[in-house]
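Let's start with one chain on its own, the form predicted alone, as structure tokens.
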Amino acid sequence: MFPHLKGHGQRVNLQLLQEANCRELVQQLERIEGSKVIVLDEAMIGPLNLVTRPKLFADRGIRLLALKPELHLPREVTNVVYVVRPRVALMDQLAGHVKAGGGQAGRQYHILFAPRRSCLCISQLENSGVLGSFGRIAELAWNYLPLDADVVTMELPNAFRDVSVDGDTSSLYQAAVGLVQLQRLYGRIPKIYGKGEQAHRVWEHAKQLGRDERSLYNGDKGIVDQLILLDRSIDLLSPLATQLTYEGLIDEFYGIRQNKLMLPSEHFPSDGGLGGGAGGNIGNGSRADESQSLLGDGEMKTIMLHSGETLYAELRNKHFNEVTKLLARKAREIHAQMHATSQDKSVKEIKSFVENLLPQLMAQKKATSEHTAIAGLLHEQVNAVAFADDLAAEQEFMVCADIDKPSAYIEDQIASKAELRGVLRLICLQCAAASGLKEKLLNHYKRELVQVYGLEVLLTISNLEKAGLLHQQTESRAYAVLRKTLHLTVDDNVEVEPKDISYVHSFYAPLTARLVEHSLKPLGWQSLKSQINNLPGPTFEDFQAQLVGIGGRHTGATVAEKSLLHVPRVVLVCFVGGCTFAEVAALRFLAAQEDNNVEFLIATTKIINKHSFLDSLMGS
């Protein structure tokens, strides 16, 4: 169903996780007899796209509807199945539907909570007097969902805010349950390293849950060799920085939702027969079915963005300056192959070309045309004066230039009443680079913001302070020290065919990715511990040993283990609070270096960017 999840030669096959999630959904639906309609909470439409295809529901005659306050259901439907997140606010809508359809004889309502049921939600239904109308109330244990061959996500956009601002730690427990679930599928992880308060809490939960599943410890070591847990709060500069990879820029300007990019069709030339027939599905599986959304929009063009799309897999992690050159070269290659002289070819060779190579070339031409159009849209955005000015300002903060003084650029932005989110991003960037703002400077910014944007801005500032993005200066100056010791900024960085991960932000290496890079070295984590003590939260390590059975301990490596010495080790990097596509690109760059002999599996609460990260904190 999702062939791209297997990866090319990767040891961890995430298709197993997708199939397990899909199987769980099918089993729940099969337990409900009779005709069915599935009503989807808006927050579940994307995750469901990562688990299954629309065909699964079409084959079973199940209709999909979006959850709305007023729901018009077909009379013949006997079962209404709600697939929702456990949010109390949604229960009032469900109660309203039950009361509105009370006269419908023989109709039953059911709820599938993802990833787990909530006592508060059940109580709300009970208080509304409709709990008895629900036949089946069950869980879909979808803790981690496979996003690509090397990325799993919890699809919780507000996880960082929930913990740091609202004090709701349910996402931490869910992450822990997800880690146990991954070990159930792929085996016990022997070595664990981590940094940060929330990362530590996730591991403590996971360890406790793991003790209850003794099978995890009785079996041999699994595919994953080590786990690195990183708290988002140890590196608040990276999610605020502008990403300069192709994938990162697409996400920041247009938003990538569960591997789908949706843009107005007018930006793309007519397919002119390139997409249909044999050419549309070459090497891409059932591409037409894949790009079909569960609840689609006909006026928008949907483009799939994952490793199964060959051209995109080649472009996604490149710096944008390199992408335009690669697309031009690709277009020339396709043109040369399609217009190669056929004078010296026999009829048999021409027939073979038309049947085999031509459909592939047509599919490549279509993909190249799409990405050239996307690159053109990005080019307009990147060349805008405002983008260049913002980038110059943030890069000055990254090199710690005048970070203890009011920024003239920020003051100009406030005076011209620029978009509040953009102004706050720059102030938070300055705060992260300076390890806090001096009290006088912080109060100066607050006063300026209130005078221009009104008193309401103080509520947003309060959220940013609770989340640790705005605070008074500490003595540690952690960023300034680590910038030099870990080489977070590289002056002579190369953007085209780079040699260092700093290319993802032109010259700044994300701290999280740099920590992972150093941990790959011999005694890496041991040597890092003293350097990262100034970062918030505990530095921890753990070891999950195999329980000693009747046969006693292993006395040495077996023949099978010795033969695996040259196989890449698998490192699971878990971001608690979200990670950016730039950080993902940096880890993929490290995995591509032969000297490292490593393969990464990346787990995150959500893929975020500078806009979505701040939006989650600014919301009421």
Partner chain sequence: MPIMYNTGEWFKVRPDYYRKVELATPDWPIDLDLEYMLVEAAPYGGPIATTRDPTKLVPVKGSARPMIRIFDTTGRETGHILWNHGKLIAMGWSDTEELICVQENATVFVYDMFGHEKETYSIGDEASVTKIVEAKVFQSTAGTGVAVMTTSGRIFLKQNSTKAERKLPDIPNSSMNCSCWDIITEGRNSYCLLGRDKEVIKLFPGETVGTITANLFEKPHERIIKISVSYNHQHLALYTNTGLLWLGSVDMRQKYCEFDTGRKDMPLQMEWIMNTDNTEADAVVISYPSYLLIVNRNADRSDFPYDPVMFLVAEMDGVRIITQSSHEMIQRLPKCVENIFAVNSQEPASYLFEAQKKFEESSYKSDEYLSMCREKIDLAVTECIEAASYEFCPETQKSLLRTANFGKGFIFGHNPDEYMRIMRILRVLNTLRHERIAMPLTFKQFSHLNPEVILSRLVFRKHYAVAIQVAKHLNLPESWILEHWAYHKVINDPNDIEVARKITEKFKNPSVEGISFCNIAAKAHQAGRDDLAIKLLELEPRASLHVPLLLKMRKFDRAVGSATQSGDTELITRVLLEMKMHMMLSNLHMTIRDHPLALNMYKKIMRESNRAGLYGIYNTEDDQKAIAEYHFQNAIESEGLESNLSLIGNAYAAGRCTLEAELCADTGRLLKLQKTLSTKYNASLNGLSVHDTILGLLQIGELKEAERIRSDFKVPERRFWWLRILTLSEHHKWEELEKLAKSKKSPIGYDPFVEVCLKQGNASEALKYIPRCRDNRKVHWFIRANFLNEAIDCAFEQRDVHSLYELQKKEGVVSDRTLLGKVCNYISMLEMRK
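Positions refer to the first chain, counted from 1. The shown structure was predicted, so the numbers you read here are calculated from the model rather than taken from an experiment.
Below, we turn to the form predicted together with its partner chain, even though it does not appear here.
Enquirer: Heavy atoms within 4.5 Å of its partner chain in the model of the complex: does Gly454 have any?
Expert: Contact with its partner chain, yes.
Enquirer: Applying a 4.5 Å heavy atom distance criterion, does Ser307 contact its partner chain in the model of the complex?
Expert: No, Ser307 is distant from the partner.
Enquirer: I'd like to know if Glu448 sits close to its partner chain in the model of the complex, meaning any non-hydrogen atom pair within 4.5 angstroms.
Expert: Close contact exists here: in the model of the complex, Glu448 approaches its partner chain to within 4.5 Å, heavy atoms only.
Enquirer: Consider Tyr173 of the chain shown here, and say whether it contacts its partner chain in the model of the complex, taking contact as heavy atoms within 4.5 Å.
Expert: Yes, Tyr173 lies within 4.5 Å of its partner chain in the model of the complex.
Enquirer: Please pick out the stretch from 460 to 468, 425 to 433, 358 to 366, 483 to 491 that is in contact with its partner chain in the model of the complex, where contact means heavy atoms within 4.5 Å.
Expert: Contact-bearing stretch, as computed: 460 to 468.
Enquirer: Just one of Asp212, Glu299, Glu76, Glu266 has a heavy atom within 4.5 Å of its partner chain in the model of the complex. Which one?
Expert: Of Asp212, Glu299, Glu76, Glu266, the residue with a heavy atom within 4.5 Å of its partner chain in the model of the complex is Asp212.
Enquirer: Looking at Leu377, Ala401, Val88, Ala331, which is the one with a non-hydrogen atom within 4.5 Å of its partner chain in the model of the complex?
Expert: Result of the distance check: Val88.
Enquirer: Listed by sequence position, which residues of 158 to 173 have a non-hydrogen atom within 4.5 angstroms of its partner chain in the model of the complex?
Expert: Sequence-ordered list: Asp166, Gly167, Asp168, Thr169, Ser170, Tyr173.
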